[in-house]
Each structure stands twice: as C-alpha cells, then as structure tokens.
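Just one chain follows, in the form predicted alone, and it is written as structure tokens.
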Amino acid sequence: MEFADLIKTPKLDGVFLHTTTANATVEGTLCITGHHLLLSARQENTQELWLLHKNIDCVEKKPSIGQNIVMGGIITLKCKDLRIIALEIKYAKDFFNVSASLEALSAIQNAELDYPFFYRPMYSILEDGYTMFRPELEFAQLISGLSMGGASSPNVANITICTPSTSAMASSIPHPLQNGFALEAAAALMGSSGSGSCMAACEWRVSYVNKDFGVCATYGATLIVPKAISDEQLTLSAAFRDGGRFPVLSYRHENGVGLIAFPVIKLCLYNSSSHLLQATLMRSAQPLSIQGIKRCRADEAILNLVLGRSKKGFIVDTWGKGKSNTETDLHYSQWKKVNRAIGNVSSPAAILDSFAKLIEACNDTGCTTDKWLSRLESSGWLSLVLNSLNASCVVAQCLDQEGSPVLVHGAKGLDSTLIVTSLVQIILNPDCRTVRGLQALIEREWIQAGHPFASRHRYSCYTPHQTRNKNSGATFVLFLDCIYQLYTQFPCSFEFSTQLLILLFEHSYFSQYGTFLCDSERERQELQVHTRTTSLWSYLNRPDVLQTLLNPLYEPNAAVIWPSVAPISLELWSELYLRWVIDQRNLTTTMAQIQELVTTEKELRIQALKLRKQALELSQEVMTLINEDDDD
C-alpha cells in the first residue's frame, strides 16, 4: 500500500482552522502527507497546525447543506492529546476527500508504516536510549565498577549507571551473562571485601528460558529467577499462570538502604555491616482456571524460595475479589491473600471508559458547578487513582515495615499489576523519582514487562465505546496520574516536573520515536525497532531538552515518601485534562518565575559565600596588622 493511494486531496487552500484554545479563526493552506496534517497561513505570528495522523482518535463530519445540496462542511478532529480541532472546508468534493483521507490515514494498523520508521533526527545522538537500560550493560557495570552512583541522583548511593566500563579490570572479566550467573561473578569479584548480604543477592540468576519467547509471549528474553529453580520448573510454572507470566523479580528492598530491581537489573552491593531483612517484590499473572489442575509444585517452589527466612509473605490481587483466580491456601499456606482491587472494573477497556467520562466532563464548559462535580464523581476516575495509590501503599508497607516478600498479580498481569509494582518503587526508591530513574522504571516495568501499548493506545477517550475493541485501555494514563498525585504531595522530592509526565502521556499514544511501539519485546525484535527507529530517551536526555523538564524546587530526598490516600488529598490533573479548555499561560508564567527565583537564590548564595570568604580574609589581615602594631 502506498500513502498516495489514501490521499485524495494533498493540498487545499482556503481552509479555516478553529480550536478551543484560540478565539481567532485562522485561514490557511491545508497539506496532507503520509504521516502529518499541516495547516499554515504563511504569515508570521499566526497559529500553525502540525498534527500526526496517529494523534487523531476520532473524525466527525458535519456537512453544510443548502437547497438539499452539500456545500462543504466542518471536519472535527478529536485527538489523543485531548485537543479538539475543527476544519471548515468550502466545497463538497474537498470536504469528502479530506475527511476520507484523514479517516484512512489515522486508521492504518501496519506498525511498519508508523512515523518512527520514517523519522530521522536532525541532531546527533548523544546516548542510545535503546541500550541505556539493557540488562546486559547494567550487569557489566555492576561487575566492572563496584563503586557505582546514579548519574541523575547523586544523593542515592549504589545505583547503577547504564554505560559499559572501559577499565582495565573490565577487560579481564568474562561476559557478565556467561552461563547465566552474573551475580556469582559479582560475588567472586568482591572477594573478602564483599558484603555479607551478597550471598542473598547470589540466590538469583539470569535465565534465557524465554529467549525465543516460547514460554511467555509477553515477557522479555532475559529474566531473573531464583538460582535454585531450574528452567524446567519455570516452564511448568508458566503453564500454571495466565499467559505464561510466571513470578519474576520486580524489586528488592532493604528497608530503604538498597535495592535490586529487575528485569532491567539494578543491584546494590551492601557493606559487611548490613544485616537488614531483604524484602522481595515479585509480579505475575493469576493462576489459570483449568479443570483438574489445582496446583503446580514448581510454582510453589518459586514462592517458597522467595520466602527465605520470612515467616510469611503476601499475595496481593489487584483485579478484584471474585474476578480473578488466586492461589489456594492449602498449597501456599505461608502466603496471606490480600485483595486490593484498583476499582470495580472488569477489563482494561473499563478504565478507558472511565477516562472517557472524565474528559467528556472536562470539555463541558457550559454545565453548572453541581452538575460538573457530579459528572466528575460518576466518571470514577479519581476512585481508580485513589485505589491504585492505596494498593501501592499496602504493598510498600509490607516491604518496608514488615520486611515480607510480596507477589502482586491481577488477571493477566499486564495492567493493574504494573501500576502497583511501579508506584511501590517510586514510593520506596528515591532513584525512581529522578528523570533517568523514571525512564528506567518505565522501561523495565512497562515496556520490557510486556504492557501492550499498541493495543491499549490504538483508541483513546474520544472513540465511541461501541467502536473500541476490548483490548483498548488507559492504564498507563492512570499510572501517570498517580505519579502526579505523589508529585503534588511531595513537590520537592521529584527531580522532574509534570511536563515530563505530559510528554510521556503524548508519546505513549503518538510519537516520532519507537520507544512505545508494539505490544511486546518479541514484536519489537521482529520489526527491528531498536535499529530502525530512534529512542525517546535519546531525545529527552539531550542537555537542552533535559533542562526544560527539571523541577526547580527539587531537593534530593532519600527517604520513603508515604502519600495521603484520603479522598480530600487528590487533585484533578488540570495541566493535562484541562490544558485545551483553560488557558495555561498563567501556569507557564508562574513556573518561569519560580525558576527565575531559584536561579537568583543560587546566585545570591554563591555571592554570599564569596563575601564571607572576603570578610574572613580581611579579618585575618586586620588581626595581622593589629599584632604588628602591638609588637612595635
């Protein structure tokens, strides 16, 4: 298929652009390319439109009829970034041609025709985002550089950075994944100066049981499993779990001192004086409901090994009591079952339904206050946010305060499970509250963990309910909203501003970058995404871009942040949901003023230090002169 076959009118003059954010109407020339819709008045200081077809969620047509003849009409484009744009076209033929072209181009489902495969950046790539968080390189950094510090979070000790070492030590070390036992190599390298708790770290190994994605289609090829568990046992456990998603290590917590997070492996090396209990967070899918199969000894063995010295563990179900299967008390006697559903939802599509009701209420600027508040409540969106935070706090308390291992699952383990395991790490681990730490978290807990971005984000809130397929969802949006709630309660504990969250929201739906393409690592390998497209992380980590995403109020905070989960503590994310409804220029101005004040304060602090130094020097000179006079 050629794009030209779908573009019936590539260029059209005299098109009027109406938007909800601008009172003025712009007349200009409309151009349609294979990936973009452009409208320009070709005049300075006038609004222009650059719109990816992938951003279009819904196309609505309203023909203008005179004397029973179509005289043109208005095409309304409802976008995935929540904008609503109207194009007024004078003539009937052009009206139907443009609307048909936009409907066809926005509905293309062949991933290889998406813009990331055609986009070529006009800047040099300083860092390859696709290799920043690969398990292999992080293991190499662990083994070759024992003294590690996170590049974006100097306040957090022992966090790996994602660049291979070129030291002399590294040249004598075998490949970190040799025989699948990188952790043993790390322990041997540490020798007598290593930690006492390294023995606990070496209870895990790298497994390639899923290297051909035959065991689990949604997991990555490189997984971390208990050392004592064989690949055969992993295969048996996968057959017991929905979609083959057997328990994998997501995070390892030592009461705020250190962590091990997987599948993108971040390991901490503890000193010999550390004897704190290590609590493990794992995630999986629910057990399958198969008649005649009520237990899996291999699956039980995995969880029993994770228990270690703990007397009990917790299995947290995030999907809802009665909606998902859970482990039997008889065969998992040391594991307490806890139900913490994120809401009364029966599928990921129900989360999108709630999101659609929220945006519909936000766009209705003519309703009364009482009606608006009623619609906000009936959408159920803030309840989903509240329940997600509540479930995450429960899991975080089990890890941090009780030191107990936790297994989180819900249905297929692709949605609510990932929300909870990700939020737990943001609450407990200060590195996840930095720019690079958040990128690593999303990479390992969402992208590499197999969240189906392509299926979930094929449709958004403006597509009619009956048109969306059952795989549509807004789970990632819900996760970002939860981060926003944490940000509002701890505004000085996050290195990034909310602008980064908004950018992640947009790029997860439509982008020139390939980071959020496809549903799984298997699909990305088949399409060679890592070699044929550019990573979003490569763009965001450019110094000039990164500077615009930083929080001017950030003060490194190594402590656990415990959010309030009272309903009164929640805020509507107006920067995102109302940004095309309410003018956001005042907010932009305020943030610029805050940045200016912070910069001025830093300059004054530096100046004060210089003056103190000068005053000390002058004081010393005076004392010297006084002493000389006394001697005379």
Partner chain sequence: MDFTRFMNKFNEIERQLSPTSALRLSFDNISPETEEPPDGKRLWGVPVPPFVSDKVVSWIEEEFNEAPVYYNGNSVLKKVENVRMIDRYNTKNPTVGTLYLTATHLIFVEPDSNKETWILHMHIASIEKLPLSTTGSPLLIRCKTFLSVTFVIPKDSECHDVYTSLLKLFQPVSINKLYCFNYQPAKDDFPKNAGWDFFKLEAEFKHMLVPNDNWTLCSMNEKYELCDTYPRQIYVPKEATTLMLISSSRFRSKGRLPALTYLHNNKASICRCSQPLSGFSARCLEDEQMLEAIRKTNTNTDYMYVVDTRPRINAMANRAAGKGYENEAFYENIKFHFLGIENIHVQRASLQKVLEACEQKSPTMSAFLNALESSGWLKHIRSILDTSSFIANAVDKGVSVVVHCSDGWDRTAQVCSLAQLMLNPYYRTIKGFQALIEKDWLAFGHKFSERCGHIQTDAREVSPIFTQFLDCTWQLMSQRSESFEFNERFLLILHDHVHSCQFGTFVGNCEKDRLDLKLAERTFSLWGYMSNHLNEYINPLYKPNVDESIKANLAPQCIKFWRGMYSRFESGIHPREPLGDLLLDSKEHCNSLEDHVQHLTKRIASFKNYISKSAKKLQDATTANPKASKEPASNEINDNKYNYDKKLSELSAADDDHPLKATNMSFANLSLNADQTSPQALTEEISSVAVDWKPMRNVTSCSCSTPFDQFSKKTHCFRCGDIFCERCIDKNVALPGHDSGKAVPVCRGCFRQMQKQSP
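The term rigid core refers to the most C-alpha atoms you can superpose between the two forms while keeping them within 1.5 Å. Positions refer to the first chain, counted from 1. Since this is a predicted model, take the numbers as computed values, not measurements.
Quick note: we don't show the form predicted together with the partner chain, though the next part is all about it.
> Taking the partner as it appears in the model of the complex, which of 583 to 591, 66 to 74, 53 to 61, 36 to 44 has residues with heavy atoms within 4.5 Å of the partner chain?
Replying inline: Every other range fails; the passing one is 583 to 591.
>> Can you work out whether Thr29 and the partner chain are in contact in the model of the complex, taking contact to mean some heavy atom pair no more than 4.5 Å apart?
In response: Thr29: no, not in contact with the partner chain in the model of the complex.
> Using heavy atoms and a 4.5 Å limit, would one call Ser619 a contact residue for the partner chain in the model of the complex?
Replying inline: Ser619 belongs to the contact set for the partner chain.
>> Please tell me whether any heavy atom belonging to Trp562 falls inside 4.5 Å of a heavy atom of the partner chain, as the geometry stands in the model of the complex.
In response: Residue-level check for Trp562: yes, a contact with the partner chain.
> So in the model of the complex, does Asp370 come within 4.5 Å of the partner chain, heavy atom to heavy atom?
Replying inline: Close contact exists here: in the model of the complex, Asp370 approaches the partner chain to within 4.5 Å, heavy atoms only.
>> I need to confirm a contact call. Of Phe505, Tyr513, Phe490, Phe96, which residue comes within 4.5 Å of the partner chain in the model of the complex, counting heavy atoms only?
In response: The option sitting close enough to the partner is Phe490.
>> Only one of Thr365, Thr328, Gln401, Ser289 gets a heavy atom within 4.5 Å of the partner chain in the model of the complex. Which one?
In response: When the partner chain is considered in the model of the complex, the option within 4.5 Å is Thr365.
> What residues of 598 to 617, in sequence order, lie within 4.5 Å of the partner chain in the model of the complex by heavy atom?
Replying inline: Going through 598 to 617 in order - heavy atoms within 4.5 Å of the partner chain in the model of the complex - the hits are Thr600, Glu601, Leu604, Arg605, Gln607, Ala608, Leu609, Leu611, Arg612, Gln614, Ala615, Leu616.
>> So, superposing on the core, is the move of Lys11 at the CA at least 2 angstroms between this form and the one not shown?
In response: Not so; Lys11 is displaced by less than 2 Å.
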